[in-house]
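To begin, one chain is listed below as structure tokens, in the form predicted alone.
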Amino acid sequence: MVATLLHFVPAQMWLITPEFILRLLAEGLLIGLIYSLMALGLTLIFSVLGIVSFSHGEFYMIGGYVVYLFLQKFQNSLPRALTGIGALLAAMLVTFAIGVVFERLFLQPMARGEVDRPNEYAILTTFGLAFFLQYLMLGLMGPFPKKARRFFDLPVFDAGLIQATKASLKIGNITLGAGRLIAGLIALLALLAMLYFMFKTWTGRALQATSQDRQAAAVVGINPMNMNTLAFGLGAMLAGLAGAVLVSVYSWVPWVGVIASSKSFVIIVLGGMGSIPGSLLGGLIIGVVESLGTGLFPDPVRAQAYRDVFGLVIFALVLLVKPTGLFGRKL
């Protein structure tokens, strides 16, 4: 009887150890930082402009392709570290510039009251930008997957419990790949820089003031139109940076931003629309839940197919308890 029951227990269930759980948690936190970076950009756009950008995922896609092209062009003419830094800066500048130009040309008329139905207009224009960027990159880069080489190496050392090679970091029996580890660390630094910018600089406080009361902000000398442009540009740049750090981890195709965009929507609703702490915590929660759900699911063949489902289950449960999200407020 016992032998019969054991026959139906998946073999990988016997491989679950504390080290395995810790590795899943670490990987979930690393990818959660990327999710938080994406969601923070979308939150910034929503809180200042009052719209949801349906082109957010395409900026993520553009950032990855900029890094890929930059590395292809300069990988043999510049030192490896400088090439990586230059690629990330190029991705940030390109996505920021596209966001600024788009906001000035297509969203400013809405802010000036020149559009009769601004909500529908914002949906159509951002959807239009998403299709334009997606099919532009499809024409330029083709439909076949691209993947950039790892643009930073880890320092090699052996400190007993902690060991590192160029391609991985090992802490005890837990091994983390350099690509995801570096992507998570860059995302963490970017998040800290954005939090400092938002809460410790005059421009960041001006963005917050505009999001809370545009008329009061204008009275004290803040130009709401400029804040709109800056918010959309920064939001696009954060999405581009998220894609830039992951293009060496995942294969890149022109429609890769569709999934990233939908995940960002889930995170900002989970954390509370317009809430910066909510977007940060929501991204970490979704990352950890997806990692644990995929790693612990009894059938490894189906686990990846169900990856998005695990996060959506938590999303639904939280909204059942608190419909406004973790940090949302009733309007």
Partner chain sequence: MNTMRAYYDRYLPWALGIAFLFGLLVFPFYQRESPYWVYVGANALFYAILASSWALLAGYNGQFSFAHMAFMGLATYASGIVGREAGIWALNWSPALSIPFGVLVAGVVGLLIGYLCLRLRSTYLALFTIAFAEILRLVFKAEVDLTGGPNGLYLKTFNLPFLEGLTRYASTYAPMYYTMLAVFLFSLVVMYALVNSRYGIFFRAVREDEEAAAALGVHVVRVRILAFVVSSMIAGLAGAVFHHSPGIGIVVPDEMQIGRMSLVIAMAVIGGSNNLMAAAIGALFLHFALEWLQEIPMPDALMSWLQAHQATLEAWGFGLGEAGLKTNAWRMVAFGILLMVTLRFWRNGLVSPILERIMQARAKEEVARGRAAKAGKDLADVDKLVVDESPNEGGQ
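The term rigid core refers to the most C-alpha atoms you can superpose between the two forms while keeping them within 1.5 Å. All figures in this text were calculated on a predicted structure; none of them were measured in a lab. Numbering follows the first chain given and starts at 1.
Keep in mind the form predicted in complex with the partner chain is missing from the figure; the text below concerns it.
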Interface stretch in the model of the complex with the partner chain - options 157-165, 135-143, 84-92, 196-204, non-hydrogen atom within 4.5 Å: 135-143
Distance check, Phe151 to the partner chain in the model of the complex, heavy atom within 4.5 Å: no
Can any non-hydrogen atom of Ile171 be found within 4.5 angstroms of the partner chain in the model of the complex? no
Within 4.5 Å, heavy atoms only: does Phe315 come near the partner chain in the model of the complex? yes
So in the model of the complex, is the partner chain close enough to Leu129 to count as touching (4.5 Å, heavy atoms)? yes
Answer key, the partner chain contact in the model of the complex at 4.5 Å (heavy atoms) among Leu281, Leu69, Ala26, Leu292: the residue is Leu69
Can you pick the one in Thr229, Ser248, Thr210, Thr125 that has a heavy atom within 4.5 Å of the partner chain in the model of the complex? Thr125
Does superposing the core leave Leu22 with a CA shift of 2 Å or more between this form and the one not shown? no
